[in-house]
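Quick setup: one chain, the form predicted on its own, written in structure tokens, and binding and motion questions come after.
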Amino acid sequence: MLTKTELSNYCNEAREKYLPHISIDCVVFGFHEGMLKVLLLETKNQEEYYLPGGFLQKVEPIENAANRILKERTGLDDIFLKQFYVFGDPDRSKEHFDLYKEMLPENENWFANRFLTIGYYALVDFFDVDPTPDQFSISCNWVDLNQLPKLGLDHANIINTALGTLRVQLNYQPIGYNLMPKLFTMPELQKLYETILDKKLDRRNFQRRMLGFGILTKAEETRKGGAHKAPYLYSFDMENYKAALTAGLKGGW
């Protein structure tokens, strides 16, 4: 939690710099060791976690604001980013207002505003991210999607909505390309799809469909190590992948 002086300074700066009533929250997805992960901030002196987020500057396109916020938290410039929903429950910011209301009068407290938040999801390579906390947080870390800690505000709902959007858009956005490393095995790709869809997929059918789309290129080398036969490595053929996504990867999962 900020001190009264820190809070007052932040609120004064926010009123000068940002549009009131609008915020941005970002669900950053990464994939590592067969697990879908999200980037979360651990707040100071609170047993709660939050999504990376921020506010919209008075003269700034919304997409630029989302990219700026994510660069501050991840260190990345070029991120696959999609707006997916606007969250506007009247009491969604009440937790912040209650937290700081004893420290500042309501007319001076930036967090006393009602905020609509614009939700974005981002897809990144797990290893490219340099997680960086903001001034309200003590840490910024990857967390397994199925082991989420206590989340503040409506951020659990934001994550669930983002995941639902990801499932719907799996056949129309380059989700695999943005979450997988450059080279991967077919079982690793299948695990990504199973994790997003939250269901088991038949191995042979999955491989047949993925190869049938014509979006994968088999590498000359194989994955070394292990007691079993080294599995083939694949990469995405981006020209074919984009063409296939334009038409939609046909058939359900």
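Bear in mind that the values here come from a model prediction, so they are computed numbers and not experimental data. One-based numbering along the sequence shown.
Same protein, other form: the form predicted in complex with a further copy of the same chain, not shown, and the subject of what follows.
A single residue from the set Asp198, Glu221, Glu60, Glu47 has any heavy atom within 4.5 angstroms of a further copy of the same chain in the predicted bound form; that residue is Glu60. Contact with a further copy of the same chain in the predicted bound form, judged by any heavy atom within 4.5 Å, is made by just one of Ala244, Ile22, Leu233, Ala14: Ile22. Across the options 210-218, 50-58, 31-39, 186-194, residues that bring heavy atoms within 4.5 Å of a further copy of the same chain in the predicted bound form belong to 50-58. Though the partner is left out of this view, Gly88 does reach within 4.5 Å of a further copy of the same chain in the predicted bound form, counting heavy atoms only. Looking at Ser139, you'd find every heavy atom of it more than 4.5 angstroms from a further copy of the same chain in the predicted bound form. With a 4.5 Å cutoff on heavy atoms, Ala156 does not count as touching a further copy of the same chain in the predicted bound form; it lies far away. Residue contact check for Gln83: one or more of its heavy atoms lie within 4.5 Å of a further copy of the same chain in the predicted bound form.
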